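Just the one chain here, the form predicted on its own, laid out as structure tokens.
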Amino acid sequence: MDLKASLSSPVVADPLPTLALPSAVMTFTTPTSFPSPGLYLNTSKKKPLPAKLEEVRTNGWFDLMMASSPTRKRQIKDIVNDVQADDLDLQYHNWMVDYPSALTSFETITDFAGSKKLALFLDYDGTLSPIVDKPENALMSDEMRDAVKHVASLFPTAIISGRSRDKVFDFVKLNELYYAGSHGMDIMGTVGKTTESNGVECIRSTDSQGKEVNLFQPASEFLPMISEVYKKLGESIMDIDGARMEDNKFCVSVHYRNVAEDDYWKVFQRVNAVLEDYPYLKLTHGRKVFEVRPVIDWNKGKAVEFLLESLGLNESEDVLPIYVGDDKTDEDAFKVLKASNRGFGILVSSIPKESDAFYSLRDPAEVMEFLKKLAAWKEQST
């Protein structure tokens, strides 16, 4: 397989021009200095909140919320309905023609890798741990931890998550990895070539083992704003049963997995109303979660590029980066690797999805099997 010929699509660049900062940011006082203007995206004035549910449907938000991941009730119904289950299996089988399993294609992958140096990037939720009702219970198994530790001893390995970097480390508890939290807005990496990106300097620090590391935090100026919004969002949704807030340092997550479907619209309405006063924050959507993030040109794809550069691997033709993730935010990383013509993404999904990934895995159990096979292949090849 000629992987380079297959991965030829360009990166989908955000067409928005550089942001011109006004004198004040609504209720938030604009800091006297910001990182490089190149990090910022244009934020036009938001449209008034739609008054009718049909307007939200037109914009796609409500349908996106309904379809982001099936409720437990719907999953049980699918299992009981054998005809529907068979149909879903057929759809998934057909989908895998375009997104073949990384397990059944493992020999093809390793043949292409050859003697190249692998660099491995992993999402956390839904990739190394199952998606659960309560975010704080998304624990990876000891067997998965051992598998991640093993591959990290053989390849440069990083976890890039929407959660805060400290939370991810508390879940994983491995010092052998590099960590990027808040969708890549909080990176702890090796002291290497990269000392800045887009004009933002790295901060020299030490990790829990006393080893010297670089911290890269391109959205640090937004921390007061994020803290303020977290408080307001918490007050806004506190009466919605099942709605949960999560502080991920450089972004705020509003989970509605345990909210009744009739209240989905109410969650969106409350979140969007709060953000009307914050034009420098944007709303994105994941698996039954809203993410409130700074409007800067930074994402998981940028984090992959930064870490490769920091490790001295970005300009080497003898490197094969692989990114494994399950959510919409991981698509930014898939696009970067697809555009580079030298790496690829692996989408973790049990349902058909359009993606810029090259291969697929069904669930975290298959991710663990893939990691074990990678480690075994590396040890056998050496």
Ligand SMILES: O=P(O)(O)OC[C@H]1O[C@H](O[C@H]2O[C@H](CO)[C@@H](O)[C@H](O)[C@H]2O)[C@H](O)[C@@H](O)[C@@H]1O
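Just so it is clear, the structure is predicted and the values come from calculations on it, not from any experiment. Residues carry their position along the shown sequence, with the first being 1.
FYI, the form predicted together with this ligand isn't displayed, but the following is about it.
Just one listed stretch, out of 231-239, 273-281, 121-129, 93-101, contacts this ligand in the model of the complex at the 4.5 Å heavy atom level, and that stretch is 121-129.
Using a 4.5 angstroms heavy atom cutoff to this ligand in the model of the complex, none of His150, Val172 and Pro364 count as contacting. Proximity to this ligand in the model of the complex, defined as a heavy atom within 4.5 Å, holds among Thr157, Ser220, Ser253, Asn214 only for Ser253. Contact annotation: of the candidates Arg287, Lys117, Arg145, Lys266, the single residue with a non-hydrogen atom within 4.5 angstroms of this ligand in the model of the complex is Arg287.
Heavy atoms of Pro135 reach within 4.5 Å of this ligand in the model of the complex, making it an interface residue. A residue is said to contact a partner when one of its heavy atoms sits within 4.5 Å of a partner heavy atom; Lys302 fails this definition for this ligand in the model of the complex, lying far away. At a distance threshold of 4.5 angstroms between non-hydrogen atoms, Ser310 is out of contact with this ligand in the model of the complex. Though the partner is left out of this view, His183 does reach within 4.5 Å of this ligand in the model of the complex, counting heavy atoms only. Residues from 236-275 that approach this ligand in the model of the complex with a non-hydrogen atom closer than or equal to 4.5 Å are Glu246, Asn248, Ser253, His255, Arg257, in the order they occur in the chain.
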